[in-house]
Ligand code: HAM
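Presented below, as structure tokens, is a lone chain in the form predicted on its own.
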Amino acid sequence: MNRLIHRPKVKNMKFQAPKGTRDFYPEDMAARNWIMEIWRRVSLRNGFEEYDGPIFELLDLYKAKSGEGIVSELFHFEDRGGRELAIRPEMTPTLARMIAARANSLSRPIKWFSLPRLCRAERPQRGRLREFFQWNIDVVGIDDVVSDAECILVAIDFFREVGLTPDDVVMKVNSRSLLSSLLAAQGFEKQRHEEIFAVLDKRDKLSWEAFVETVEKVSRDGEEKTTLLSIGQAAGPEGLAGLTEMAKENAAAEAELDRLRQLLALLTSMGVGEYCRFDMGVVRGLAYYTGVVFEAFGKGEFQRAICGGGRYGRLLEAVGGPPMSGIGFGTSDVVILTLLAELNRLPAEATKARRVDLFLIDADPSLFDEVLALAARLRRIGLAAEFSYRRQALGKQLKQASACSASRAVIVGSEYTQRQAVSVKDLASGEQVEIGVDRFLANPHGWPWSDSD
């Protein structure tokens, strides 16, 4: 006897993607793939190898790098074994853990890149979401100014690839070790440096009046305030010259200035000097940076950081590895795509959901099986071949071919049954030619076909 099963009534609900995340419809997926393919291409041609790691790590790994305060910025949970885990908010701790595990067997320098999906439990804002994809470049195992220059070069190589010029972006370059040496030379105790770093890093995030007030709070007297304001404003060749005077007779500060000058000279030699500018206002908030730091900023209306990184000296030790210096940077698909869209630099190909080489058309419904067979053969040799599911007039199928941005239409009509030929139509010019099927399949890219084909 069948029983009537009673199910509770559920009200119709409209679900949306969680706050700070995105749905990738085909055109959005096309843009995501477009930018990630460029990231991968730029990385590989600059000599970097790709790596990846788990989507979640032990929570303690992030605490080891950033301290207990990082917990509030993470999506974290406890697994069935009672272990505290966190969805990765960045890739550097995973990089450090992986290198630390095989430090003795990896040849140096270690040049790695990754394209991970990351999540951060923070308030979404323009160009910054809770879930995003990030391009990470790192050079580990060498403390050389050439590696500093190469890391910055890779970022600018990408800017050029997507059409961003020095009029669109500027790479601001500084050195935390230089700043630390200058502060020591001016009598600021070591224990005060991190607090001062945090203040100077706010220079471009605050109005000038608010910045001066913030500097006053960490200054003990008017002389310290004047010194910190002079350091904080230093930018460009003039700013570098002013710091040269300040560093006089202090060996450590002079050495750091020499390294920074060498870095800027190398960037000029590499052909990217026009993108770069010394700027003491770039300090970077992450305490694990120990040397050169850099941030790329959009110009015009999009004046915010779009890429940032720097040299880290003790990160591997924090996760149980050997002393090993490295330098790296990261940038997200969200901020880059936002900038390109606002500058109207996103090419049509970036949002083209599909690529169709050939659109096959049956001039008579009785020939549809031949269309299917021909499409299958074209796909086997690597071409994107499409056809209509609906049997409709030739003109409507040609409109469908144009709508999906096919470059050519292949018409299977009476010539196919009479002499095993098809008509190929160039959808841009309207030109149409007839060609034998075997000859066409031997060279489907040819246009026009020569007698030797």
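Bear in mind that the values here come from a model prediction, so they are computed numbers and not experimental data. Each residue number is its position in the shown sequence, starting from 1.
What follows is about the form predicted together with ligand HAM, which we do not show.
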Check your understanding: Which single stretch, out of 187-195, 223-231, 119-127, 255-263, brings residue heavy atoms within 4.5 Å of ligand HAM in the model of the complex?
Key -> 119-127
Review point. Do D362 and ligand HAM share at least one heavy atom pair within 4.5 Å in the model of the complex?
Key: no
**Study point:** Any non-hydrogen atom of S332 within 4.5 angstroms of ligand HAM in the model of the complex
**Key:** yes
Check your understanding: Any of the heavy atoms of E370 lying within 4.5 Å of ligand HAM in the model of the complex?
Key -> no
Practice item. Evaluate S180 for contact with ligand HAM in the model of the complex, applying a 4.5 angstroms cut-off between non-hydrogen atoms, and reply yes or no. Key: no
Review point. Thinking of S175, K205 and F278 as the candidate spot, does ligand HAM come within 4.5 Å of a heavy atom on all of them in the model of the complex?
Key: no
Exercise for review: Taking 4.5 Å between heavy atoms as the contact cutoff, choose which of R284, R97, H76, K111 touches ligand HAM in the model of the complex.
Suggested key: R284
Check your understanding: Heavy atom within 4.5 Å of ligand HAM in the model of the complex: which of I152, C307, L374, V293?
Key -> C307
Check your understanding: Can you tell me which residues in 126-140 come within 4.5 angstroms of ligand HAM in the model of the complex, by heavy atoms?
Key -> G127, R128, L129, F132, Q134, N136, I137, D138
